[in-house]
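Taking the form predicted alone, here's one chain by itself in structure tokens.
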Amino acid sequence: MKKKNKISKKTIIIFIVLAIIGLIYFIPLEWVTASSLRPSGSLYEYTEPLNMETFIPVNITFENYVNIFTQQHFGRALMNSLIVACSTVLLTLLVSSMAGFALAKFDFPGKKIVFAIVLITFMVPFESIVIPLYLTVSALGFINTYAALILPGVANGLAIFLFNQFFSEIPTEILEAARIDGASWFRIYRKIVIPLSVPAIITVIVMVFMFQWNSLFWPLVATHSTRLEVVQVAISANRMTEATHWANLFSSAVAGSIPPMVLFFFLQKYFVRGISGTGLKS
């Protein structure tokens, strides 16, 4: 007879605690979503006292969403963020995977120093390098261009580290056998290493995309034209010194969160597998 799997009391308690924590995080997000579907004049009509109508809008309207796409430049901001995020992801995959492969499978003078520098790059707060980064980008003539938004995020230290950890687990014997058969290192990298590294690639895609999509400080510093406005800048523009357009702020925040949510929804399984396979699993 098959033994029935019994759920322990400890598991039930952990599940309840996690459900409560998840609910605490979910309630504000649900309220923002519900508020974005209300007429701007009745935004706070149901906040006191709290009831079901606080979280479920009575008169649903898409007026706020129409406003951000017709009266503002939110559509352009979405497109700019997609261009910047996707371009950065593609370039980061190329540069960081090659760097990670070199650090994992080649011995050269100063290798440990280079690896230490890579580790330091993603430990240093971004704010501390903004001034020298701006001076460098300005000297190259990239200020107020897509290049200013894309290139600083390409050589990602964390992405290099993830690739290095993943590539280190690929048996060296496989690569040596390919070399004996006459394959070049680039062909080995392209035909053997990359196909075996899908979980690491997915992890880097999600990580870099989310970082670029949520970027606010650097786009404000590097660009000053509405033509290059990205999503987070467009969202923050609804909050000004004189007044805050809460209806537009909520609707733009919800609309701006959809692309990364869709990406993570389809890639979450590979993302978790990639993290667990790169030496970051506790």
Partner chain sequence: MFLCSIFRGEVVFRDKRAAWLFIAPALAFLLLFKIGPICVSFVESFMMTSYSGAKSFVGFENYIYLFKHDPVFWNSFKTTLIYSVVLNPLIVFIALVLALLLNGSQKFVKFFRTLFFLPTAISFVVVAVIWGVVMDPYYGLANSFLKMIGVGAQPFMNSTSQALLCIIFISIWRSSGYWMMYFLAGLQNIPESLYEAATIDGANNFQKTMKITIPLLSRTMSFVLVANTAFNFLTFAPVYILTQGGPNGSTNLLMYESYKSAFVNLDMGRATAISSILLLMIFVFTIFELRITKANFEY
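Residue numbers count along the first chain shown, from 1. Everything quoted here is computed from the prediction, not taken from an experiment. Here, rigid core means the biggest group of C-alpha atoms that superpose within 1.5 Å across both forms.
Keep in mind the form predicted in complex with its partner chain is missing from the figure; the text below concerns it.
Its partner chain in the model of the complex is not approached by residue 267, whose heavy atoms all lie more than 4.5 angstroms from it. Using a 4.5 angstroms threshold between heavy atoms, residue 127 counts as touching its partner chain in the model of the complex. At the 4.5 Å threshold, heavy atoms of residue 65 stay clear of its partner chain in the model of the complex, well away from it. Contact between residue 192 and its partner chain in the model of the complex is not found at the 4.5 Å heavy atom cutoff.
Contact with its partner chain in the model of the complex, judged by any heavy atom within 4.5 Å, is made by just one of 236, 61, 42, 226: 236. Shown here without its partner chain, the chain has 151, 152, 154, 155, 156, 157, 160, 161, 164, 165, 168, 169, 172, 175, 176, 179, 185, 186 in 151-187 lying with a heavy atom within 4.5 Å of that partner in the model of the complex. Core-superposed comparison between this form and the one not shown: CA of residue 146 displaced by less than 2 Å. When the rigid core is held fixed, the Cα atom of residue 128 travels 2 angstroms or more between this form and the one not shown.
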